[in-house]
Ligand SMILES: N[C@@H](CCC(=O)N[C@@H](CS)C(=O)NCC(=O)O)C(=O)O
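Given next, in structure tokens, is a single chain: the form predicted alone.
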Amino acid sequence: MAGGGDDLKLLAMWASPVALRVRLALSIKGISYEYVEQDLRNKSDLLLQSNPVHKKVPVLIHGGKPICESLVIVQYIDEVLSGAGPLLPTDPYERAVARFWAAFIDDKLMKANYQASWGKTEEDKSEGMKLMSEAVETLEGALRDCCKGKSFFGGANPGYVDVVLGGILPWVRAMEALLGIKTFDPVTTPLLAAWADSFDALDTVEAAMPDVGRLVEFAMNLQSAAAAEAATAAN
């Protein structure tokens, strides 16, 4: 493992898809670091001091200085820390395109996925499913344009967009198990389905990924807690 070491610390929570992005970036680039798991129901002083604005994970602490927000952190890792090949393209236009699709994943796909999974009404969830389907269809076209016939958004090797989308992949798998849906369908989105299988198969990815079964159990517990809270509020 390169770089990092005692000088690099990641504050994260195992089930967080945005924290997973950072873990994936560090693993793919082969950078060593100290992992510090956070209890988001009882936030540590270190987390509150390191991210006083949002008070959220992930936070990367490098040489005592905190960097917050997953997209910012992944770019920082790529620009500052030594390790395997770059995640972002060297060409300025291609870098801009990669940043655009990363923002799209946050603004469209993740929000739709959250609405489909945790919407307060069946109408909310149904609308979330529709928006998610539209976002996935758009990403299928983006992958076709970006991959240039290779396996990943980054081409032959995973890059910035792969890491950003890869962060939600375990949750996509978990929600497929819970809801019985296929988000990356080999029939309707064959490129994304193949991408997901190729990404999952990388040793550096497998080393960072949470167990999907554990995520399913975690989601079921959250759903039970939300249902109990709603029943209490109704009485």
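Quick note: we count residues from 1 along the sequence shown, nothing fancier. This one's a predicted model, so the numbers in the text were calculated from it and none came from an experiment.
Below, we refer to the form predicted in complex with the ligand, which is not included among the displayed structures.
Judged by heavy atoms within 4.5 Å of the ligand in the model of the complex, the contact stretch among the candidates 198-206, 185-193, 26-34, 56-64 is 56-64. For the chain shown alone, Ala219 is not a contact residue for the ligand in the model of the complex, no non-hydrogen atom being within 4.5 angstroms. Taking the partner from the other structure, the ligand in the model of the complex has no heavy atom within 4.5 Å of any heavy atom of Ile181. Contact annotation: Leu40 falls within 4.5 Å of the ligand in the model of the complex, judged by heavy atom distances. Taking non-hydrogen atoms only, Val18 approaches the ligand to within 4.5 angstroms in the model of the complex. Interface residues of 58-77, taken as those with a heavy atom within 4.5 Å of the ligand in the model of the complex (partner not displayed): Pro58, Glu69, Ser70, in sequence order.
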